[in-house]
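There is one chain below, alone, in structure tokens, taken in the form predicted alone.
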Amino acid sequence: MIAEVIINSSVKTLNRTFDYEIPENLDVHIGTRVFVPFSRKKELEEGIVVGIKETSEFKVKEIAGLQEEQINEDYIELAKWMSHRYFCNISDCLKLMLPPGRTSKNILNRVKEKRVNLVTLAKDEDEILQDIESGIIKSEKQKRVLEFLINNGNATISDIELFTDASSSIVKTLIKNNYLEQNSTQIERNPFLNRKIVKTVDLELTDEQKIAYNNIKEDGKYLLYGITGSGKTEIYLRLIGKMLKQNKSSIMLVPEISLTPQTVDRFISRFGEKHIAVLHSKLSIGERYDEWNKIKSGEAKIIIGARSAIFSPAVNLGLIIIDEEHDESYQSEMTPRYDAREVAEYISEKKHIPLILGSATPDMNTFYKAKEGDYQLLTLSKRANNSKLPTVEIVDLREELANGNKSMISKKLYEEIRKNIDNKKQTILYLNRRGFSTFVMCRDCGYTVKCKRCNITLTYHKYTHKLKCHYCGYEQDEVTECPECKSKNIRYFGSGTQKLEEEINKLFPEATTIRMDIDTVSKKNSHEQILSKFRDENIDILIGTQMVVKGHHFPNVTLVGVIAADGSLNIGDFRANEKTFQILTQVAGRAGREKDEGRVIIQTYNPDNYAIEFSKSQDYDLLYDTEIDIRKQLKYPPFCDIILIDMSAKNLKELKDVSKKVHAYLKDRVINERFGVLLYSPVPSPIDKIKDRYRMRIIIKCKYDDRINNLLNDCMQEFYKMKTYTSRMAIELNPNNML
């Protein structure tokens, strides 16, 4: 028999199968991971069997050996589908479906089970006690060790030494005399350790929740469209509980699990930690490996995680939920550039299981599909605990400047923060720019300090006195003299979360504050510690970036302040208004979630912008109706698809030459084969240099189908035939980030 093997490589020319003979002594099937001789290399290569056939037309070598982990056959088909749709190697996709730590070619450095040597009794307790009483065992230390293990069952040698004051040699003597035995036992690295969880039960559903819950059948695609605080999570809990009773698994994706520990706590308090596995980047690789094994064994039937959790080896999968489905993080910006929502659709259709997308501000493409009947629309228009939506007030920062207020805090927001502090209520201040100043400029010659590797201004971080690039991580000391004209007239412009925190501390010196951004959550569990401290210690003011927007429920938060609502309006993206509305609505939803009424202050230089105006009433339907008309006229998604061909190289001349060749190839195919597309000429990307690589792009507008997909895959193959030295090319379908 012959195995068709995919070699574990990102080299495009190796994105095909190679035939190998299956030795009679090896059990090989589709999904088996193997070691094979390849080319003239001395070292064996890793591969995955994706097909079995009787014979080969080639003279073939034998499979040399098997690897530990196997991949389910269903995921092989998923990887093939992803490879074709997202223009990457099948092996790139298969890596997503392997346990954490099992993708490295260095076998010796792979993650292993955490094991510990446990000492246990080798004889019956009564027999040991009889030997002690009869004097057969005379040593007092030996007696203490045996009595300790009779009372405690088993222990490590270090624990025995600690609690009995007996040395390891005493234990070894007892093992030699067959009173004890030592065994290696796997222990689980528990990410839920030290959590204080209070058991909860199902809550009474509102009439709207009952209708939504009862309309979700055994398969199909659903959009759960509910305002903030409407009880979407309670419906998720009910559905997952229903799956548990049927002995089925559920996958629940959230935008970034490490930022929403409250979600995990709610699930553990309802179902207990035994049934739950959590997968996200803030866990150690060992913890992720153990969680993966819990899922694969069927012990964990509730999988909560970020986008990559969609590939977890769930046993008897019965349900997929994607919460906050509008969030950009569900689309990967690294190879393979997949969209977790599309992957979830594929899996749900293949397995005939329900897929639920939930959001208060759905992605417009998703909402359009629901309007067209591709998804069943389930609406929750009221908050579950009968609390009111917060009142929203818009402050015109132009008027603040005209009245002489150059502070980051408007007069109205100052008054409301003061009122909250006096009333012992909590406040969240949102500013989606970290750091102290967003750019540094010489006021004499206009020189702006930029990253040496990227064409982007450096951000000043006051606490470390460093200028940092938020794209590549480059940093340098703060600038006191202009490198161009030697002037000392250096000015730090713009405002970030560090500067906001400093200003708040000056305005309200008696208030307690805490900051949450990428700089403060770099350490493990730091995100959870910040949120727990804010909640448990009733800290007055939480200052943060988008991290404070997602899914948090703080009963004592009654005020939310948006410091600068204009940032997302100026991102050079046709979705700028949609994204602005989503952010403002989500952050506003953190206020007044219990009995106390919530207030939201939105500061802006564009108070007449319709996205900001509609966020005042939190009317998504009005935004959708306005925005969808504009997109229809301009032929933007969902009325067409946008394909971004992103090219980069270390040499600008090489990049320009390659871009022209790629465009010429596409233009020739489009004209001669009569593709109905809009093909634009290559232009520099908005950020035209990142990490020492120059960047250009080609944009295509079209209705995406198999014919277009084949054209783009052909284009990718043509690119790799070109004589390039440092060039790279990536193709993205409807990318979230147009920069």
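Heads up: residue numbers just count along the shown sequence, starting at 1. The structure displayed is predicted, hence computed values, not measured ones.
The same protein also has a form predicted in complex with a small molecule, omitted here; what follows describes it.
- Query: 255, 607, 99, 231: which sits within 4.5 Å of the small molecule in the model of the complex by any heavy atom?
  - Reply: The residue in contact is 231.
- Query: Pick from 649, 118, 227, 583: which residue has any heavy atom within 4.5 angstroms of the small molecule in the model of the complex?
  - Reply: Checking each option against the small molecule in the model of the complex, the one that comes within 4.5 Å is 227.
- Message: Can you tell me if residue 385 lies within 4.5 angstroms of the small molecule in the model of the complex, counting non-hydrogen atoms only?
- Response: Output for residue 385 is yes: heavy atoms within 4.5 Å of the small molecule.
- Message: Considering non-hydrogen atoms and a 4.5 Å limit, does the small molecule approach residue 205 in the model of the complex?
- Response: Yes, residue 205 sits close enough to the small molecule in the model of the complex that at least one of its heavy atoms falls within 4.5 Å.
- Message: Test of understanding: in the model of the complex, would residue 266 fall inside 4.5 Å of the small molecule by heavy atoms?
- Response: Yes, residue 266 sits close enough to the small molecule in the model of the complex that at least one of its heavy atoms falls within 4.5 Å.
- Within a 4.5 Å heavy atom cut-off, is residue 249 in contact with the small molecule in the model of the complex? Looking in the model of the complex, residue contacts with the small molecule do not include residue 249, since no heavy atom lies within 4.5 Å.
- Item | the small molecule in the model of the complex: contacting segment from 124-132, 608-616, 377-385, 438-446, heavy atom within 4.5 Å | In the other structure, the partner sits against 377-385.
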